[in-house]
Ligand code: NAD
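Taking the form predicted on its own, here's one chain by itself in structure tokens.
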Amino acid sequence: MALEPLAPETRNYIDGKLVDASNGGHFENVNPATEEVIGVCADGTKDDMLSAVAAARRAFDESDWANDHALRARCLRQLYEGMLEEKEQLRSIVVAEAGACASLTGFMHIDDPIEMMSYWADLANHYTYEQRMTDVPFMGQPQGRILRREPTGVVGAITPWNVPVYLNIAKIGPALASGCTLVLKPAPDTPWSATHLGKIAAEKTDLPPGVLNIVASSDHLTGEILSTDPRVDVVTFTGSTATGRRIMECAAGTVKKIFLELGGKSANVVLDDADLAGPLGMGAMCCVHGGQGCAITTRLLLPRSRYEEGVAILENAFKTWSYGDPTDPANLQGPQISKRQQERVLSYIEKGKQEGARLLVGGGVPKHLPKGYFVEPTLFVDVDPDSTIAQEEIFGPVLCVIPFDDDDDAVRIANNSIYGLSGAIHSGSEERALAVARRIRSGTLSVNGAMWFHVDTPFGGYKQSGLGRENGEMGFEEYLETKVIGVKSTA
């Protein structure tokens, strides 16, 4: 796939202007597939973040943004059209800085998030913000009530590096559509996927100053200001459960509204009446994008009665899996995002071997890829469901295969996790698969390969996979407060 030459915006976007860091600092952006520095980005400071928060507060309190639904719809439509114009540049950016395979950018990385912005533009104008409730009696007289939904205020959004354009838009779209203002702190590993959106906002929209602010920084603690500053009303975060816990602690001091999309250790349950060739022939799909996805099914549960048959299919799938250069359209797996992340994944693989799991395929750094932060597609079988690699989120191209006895045992193992984000069930009987799905405690589930993901689908998890939901009207309502007004009935 031919990619457009890189021409990213490297400045931050604060109070309606593209600006360098207040101290003139920059940090390097590294291509994880080549380990080469591909450019720099403005290194936002604490003062820059405070300026962004002040601008967002002022825009919410002093402008018509919160109440002018038509203005919001128009600006988001302009942002959508601007992203369409910059689609190929955004594609080049996400391949270069995130190591995303170009073959995947037509889905979650680029094309889908652009179309999502169109959805948010429409919802901004068509959502029912106010409605009359049924009258109720009080002291012998009917009483009227108005149910009203209003934007909560200033949103602090903190996003990770794995699917950066999508995740940035998943915060920006509904927050602005609802009437909130927003400060975005993107991951330092993928800054341009955010700062280039600032360029589009600055040059192609009528967004009032301060409504959208983007502050990239190499310092993770710069983002912590969003969790502690009393001028911020909402914090939304996608990332690790450990960081989510920290955000909850920091936000408690000012009793902020928070919602979190956190980790996962999702189970793919293959029942004994399933056609194994389908789900297991595609078993290495857990390695897509280096396994760097929170909803990826990284535990595969196989019935003991068909265990060896299933393992043989998986072994072949992993040995024939194509991976490497993300610009090669034949590949669906590129590098890990950084050297640190590569080492983390390799340390989990060593832990798996130490704890007795059988390493069947992969397990190291590929010899044919001396440059880049690559990890071989890795298949562990005979995995203890209580072991470290079966319990902790690895965020790498590693599959853990666990045997089970019957449907009850499969449900027990699937639910044996602090997480509850996603999962899958395969069976020759849809009724049986649905019966199992209804017993698994997770926010999303696929039956026989069906796709649940869409912009109108509320996405989020049970247990320590997060709080609240993203996307759809439920995701939009995370940014709204509820007000009830009593009025004299006219009945």
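Numbering starts at 1 and follows the sequence shown. Source: prediction; values computed, not measured.
Although it is not shown, the form predicted in complex with the ligand is what the next lines describe.
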| query | finding |
| --- | --- |
| In the predicted complex, segment of 113-121, 240-248, 145-153, 372-380 with a heavy atom within 4.5 Å of the ligand | 240-248 |
| Triple contact flag 103, 290 and 315 to the ligand in the predicted complex, non-hydrogen atom at 4.5 angstroms | no |
| Residue 60 within 4.5 Å of the ligand in the predicted complex, heavy atoms | no |
| is_contact(residue 139, the ligand) in the predicted complex, heavy atom dist at most 4.5 Å | no |
| The ligand contact in the predicted complex: residue 335, any heavy atom under 4.5 Å | no |
| Residue 162: touches the ligand in the predicted complex, heavy atom cutoff 4.5 angstroms | yes |
| In the predicted complex, the one of 284, 177, 187, 211 near the ligand [non-hydrogen atom within 4.5 angstroms] | 187 |
| Contact residue in the predicted complex, chosen from 339, 220, 132, 319 - any heavy atom within 4.5 Å of the ligand | 220 |
| Residues in 253-275 close to the ligand in the predicted complex, defined by a heavy atom within 4.5 Å, in order | 261, 262, 263, 264 |
